[in-house]
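There is one chain below, alone, in structure tokens, taken in the form predicted on its own.
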Amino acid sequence: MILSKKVILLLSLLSLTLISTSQNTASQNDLIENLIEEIAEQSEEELDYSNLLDELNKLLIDPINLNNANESDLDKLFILNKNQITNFIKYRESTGQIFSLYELQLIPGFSSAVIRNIAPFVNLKQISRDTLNTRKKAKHILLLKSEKTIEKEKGYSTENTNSRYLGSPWKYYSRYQYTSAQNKISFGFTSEKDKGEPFFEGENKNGFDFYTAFVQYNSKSILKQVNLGDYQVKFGQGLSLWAGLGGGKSSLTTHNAYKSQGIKSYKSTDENQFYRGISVLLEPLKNVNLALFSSYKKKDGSLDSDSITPFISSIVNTGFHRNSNEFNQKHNLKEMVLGSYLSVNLNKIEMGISFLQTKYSPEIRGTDAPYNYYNYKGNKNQNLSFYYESQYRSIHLYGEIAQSKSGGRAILQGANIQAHPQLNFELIYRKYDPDYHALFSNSFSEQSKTQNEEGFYMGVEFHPYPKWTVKAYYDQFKFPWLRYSANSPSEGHEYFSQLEFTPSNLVSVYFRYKQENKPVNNSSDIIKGLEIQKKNQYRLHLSAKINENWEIRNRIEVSHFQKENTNENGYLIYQDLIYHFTKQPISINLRYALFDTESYNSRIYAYENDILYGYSVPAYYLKGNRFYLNFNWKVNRNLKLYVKYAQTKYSNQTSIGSSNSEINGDSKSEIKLLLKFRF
């Protein structure tokens, strides 16, 4: 692979930046990038990150005050583990109010890199009687968003009437949220029409294809919280109750313990991972919480019949209803849920138990494929789980055990050890039986399901010198039963290491190496044996704030894919330029990227800045270039405008995509618009 002149130019820009002694950035984008990129790389599904972005953006607007934050508030940072939170609270109790973020370096586990990461999401307001009595105002937030792919996809003109898209190529999204003063009552709704879905016509005569709404009441009495409408429940380590995005292996190598989040209103557009009904959270005794919830909703599924009774052969999670084929799958499955959990906090130890009963109509049978042998089948499932977490000196122990109606069990046991103020370890063992069924789980795992997996994870974070950080993890895993891509039981491993250098609060550089070995079916048409699929990735990334106006980000990433006699290489290189106008509330964000991989196998993922609450983690593959431009304008105190235009141009393709998403030509362009009203 020969580097082109464009690549050499970008490499030169990066080199100049690396030797620059000017300044560097503590941008929150680095943290968001790391979290979402890692999850996207490890999941074959298109996940919904909007709740995570929502939480992080909420912290940017309303940072946590470290001088009165409790453990639950600090959990929302996603960045601090249990040991760091415990050490922070002990320090504040012994010294009183904190006056500078630099003071945090006195706390075991708080390196300059950790402080740099949490800085955008916290403040240090001093606590006074006036502060405590300050009454907040009620808030209204309204978001209106639209986006479109400029080039016409095949689905809009295909002659197959069952596959032809029935709506326009525009995507529409709206969201409204009201929060009362003192945060006692909040309510709102979200509505969405995907590209190609009809709007106020055909099957969607009521307008949008998807609606979600919520009402939440909070109190300091026994009746602590009531939710009506749509909500999510996240409990324990996610073996039984964790609707929505969980965690996963990432550059936060010692931050994998889940933090129970209880019940939260649902505001996202994933059409499956939530409950619809009512939930009640009680606090009958101090530090004792009892939750009861029920739900009824319809999901998409492929309906089949054995000539006597109908059944669902597969659950469809895409949420797309663009043509007759997709409408035929809409709302074929009825789901009824009853659940509860009880948690007790005894200061040194917190524990809880949960129960979930799910009924489906018609029953789910799945397909006859051998890898589906242990997958859930039937019309009723039950899950019972017990979790605990405890802090003993500098050791945080946590775990959960769960069982489903089939008798299958899932176990997770973890330990986070602060061996030295600058040295942190994490160990996790998990064992999920092939016949363990939990359709609302999302725990720490190699796969996207909490099923058919056993593994041991070791992570470390070390700060040998004030400006240096070393992170690494090793994960050994095996699958006792077949998988979609493996016709026999198998095992593999994954290794990750990262060296970070932060010479000041304005500059950050890291080098990363990641290797994954996983057995998959070979290419033989006669006997499907297993072959090791090996992927190596090398990344050099720099973030820097040049001055008050300019920020830059650069990345070079190289990938190598190996399977049987196939050896493929690929690279991605990009330059980000961010400019903040001094006299106008306007910022502009530009990326230009070059990529060249031999196929999808050696693809490289990279997070992109997007409009507010938006996200994009495209897989770069084949050969071409991509650029995008973000324009953000705070029109006045109540109104903000966000615009994004992006285009990918391939140098060796005459068409892009496949099936109904195919585009004739070598370019794909997209535009997004968002208006945010706040009053």
Partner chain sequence: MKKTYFLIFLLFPIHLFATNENHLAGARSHAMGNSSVALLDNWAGFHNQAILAKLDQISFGAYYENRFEIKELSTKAFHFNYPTKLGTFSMTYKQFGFNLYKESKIGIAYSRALGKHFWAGLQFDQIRKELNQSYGSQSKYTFEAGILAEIFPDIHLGFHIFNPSQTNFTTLDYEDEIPCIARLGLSWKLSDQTIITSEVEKDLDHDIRTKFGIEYGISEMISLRAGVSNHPNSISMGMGFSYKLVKSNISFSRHPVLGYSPSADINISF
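Note that the coordinates shown come from a computational prediction; the quantities given were computed from them, not determined experimentally. Residue numbers count along the first chain shown, from 1.
In what follows, reference is made to the form predicted together with the partner chain, a form of this protein that is not presented.
- Within 4.5 Å of some heavy atom of the partner chain in the predicted bound form lies at least one heavy atom of Arg393.
- Put simply, Ala138 is far from the partner chain in the predicted bound form: not one heavy atom of it is within 4.5 Å.
- In the predicted bound form, the partner chain lies farther than 4.5 Å from every heavy atom of Tyr571.
- The partner chain is not shown here, but in the predicted bound form it comes within 4.5 Å of a heavy atom of Phe425.
- Residues with any non-hydrogen atom within 4.5 angstroms of the partner chain in the predicted bound form fall in just one of 503 to 511, 256 to 264, 463 to 471, 587 to 595: 463 to 471.
- This chain lacks the partner; the member of Ile98, Ala544, Val122, Ile417 within 4.5 angstroms of the partner chain in the predicted bound form by a non-hydrogen atom is Ile417.
- Between the options Glu203, Glu491, Glu71, Glu283, the residue in contact with the partner chain in the predicted bound form by a heavy atom within 4.5 angstroms is Glu491.
- Along 446 to 462, these residues reach a heavy atom to within 4.5 Å of the partner chain in the predicted bound form: Glu454, Phe456, Met458, Val460, Phe462.
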